[in-house]
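Only one chain comes next, encoded as structure tokens, the form predicted alone.
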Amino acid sequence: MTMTDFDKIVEALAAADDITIASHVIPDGDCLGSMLALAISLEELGKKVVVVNADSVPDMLKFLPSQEKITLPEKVTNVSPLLVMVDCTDLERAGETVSQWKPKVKQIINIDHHVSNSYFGHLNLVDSKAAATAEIIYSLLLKIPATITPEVATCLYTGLATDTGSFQYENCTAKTLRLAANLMEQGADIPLIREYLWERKPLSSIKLLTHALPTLTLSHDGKVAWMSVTQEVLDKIGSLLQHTEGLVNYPRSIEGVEVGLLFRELPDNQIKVSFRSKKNVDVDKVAAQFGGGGHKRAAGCTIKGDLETVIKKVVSSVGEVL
């Protein structure tokens, strides 16, 4: 019987004693929840695990078990022979330092659910039908086998909840809901997750919304809507980039709108663009035009240029596919 990459990955994780796990910059609930669930499980099997992310953990996710163990890639002196990339479409998504590790490692395992994944690993476990990478990690843990502790269940449930918009998005399937129920039974701390994700918004994030809403603009007969956030506004009210999370859902939620967009100024004359669609537009393909990607209904990219020019380019491209 021929071994699949799934089987080979299970075998590689079981055989390794020293493992580095990394995920993408500007981390979200799925990438952190997935990597921490895997790390906790492998550590309980007696393995040395280093967990890496180039950005700090957002305040709303600091409840995740073992999140304090996440280290910056610059602080990793010895990269493990086995590098596991979680929730990354390509190696570069983890940042410049991690991408430079490629010649130093013997094997790269790529675990992801984005349709735009580039299959950059020596072993690739990519399932674009999975609602979140957390779904794939759960399947791996069952196969290893590892114990799904309450801490692991909390991490995985967070991945599901955040990547499905609290189980509202199109990517949420019956399988996703069954898994969520299993994780509840296995001890996921639902009250803690609910509190941090939806009931602890910083005042600055609410103030940010009051600055973003006046920028709301519609075009293409009301089918495209967008908002923008400048660095000046972020600095003025003391908000962080992480506080813009979820703002894109406001333009998307308007009646008649098919595609919602959020434009956020970054340092070095760069603009981060978030795409959300409802039914018809594959925003992954639009984001890919600008070097980004993601899913049919949710994607993103980063474009170099001034805010006004980037808005015109992106809105025009969205209009062409309507």
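Since we're looking at a predicted model, the values are computed, not measured. When you see a residue number, it is the position in the sequence shown, counting from 1.
Just so it is clear, the following notes concern the form predicted together with a further copy of the same chain, a form of the same protein that is not shown.
Is it the case in the predicted bound form that 62, 96 and 236 each bring at least one heavy atom within 4.5 Å of a further copy of the same chain? Contact check failed for every one of 62, 96 and 236.
Report yes if any heavy atom of residue 268 sits within 4.5 Å of a heavy atom of a further copy of the same chain in the predicted bound form; otherwise report no. Taking the distances in the predicted bound form, the answer for residue 268 is no, it never comes within 4.5 Å of a further copy of the same chain.
Find out whether any non-hydrogen atom of residue 296 is located within 4.5 angstroms of a further copy of the same chain in the predicted bound form, and reply yes or no. Contact check for residue 296: no, nothing within 4.5 Å of a further copy of the same chain in the predicted bound form.
Wondering, does residue 219 line up within 4.5 Å of a further copy of the same chain in the predicted bound form on heavy atoms? No.
In the predicted bound form, does residue 226 come within 4.5 Å of a further copy of the same chain, counting heavy atoms only? No, residue 226 sits far enough from a further copy of the same chain in the predicted bound form that none of its heavy atoms falls within 4.5 Å.
Only one of 33 to 41, 288 to 296, 63 to 71, 252 to 260 has heavy atoms within 4.5 Å of a further copy of the same chain in the predicted bound form; I'd like to know which. Flagged stretch: 252 to 260.
Residues of 187 to 214 having any heavy atom within 4.5 Å of a further copy of the same chain in the predicted bound form, listed in sequence order: The stretch touches the partner through 194, 195, 198, 199, 200, 201, 202, 203, 206, 209, 210, 213, 214.
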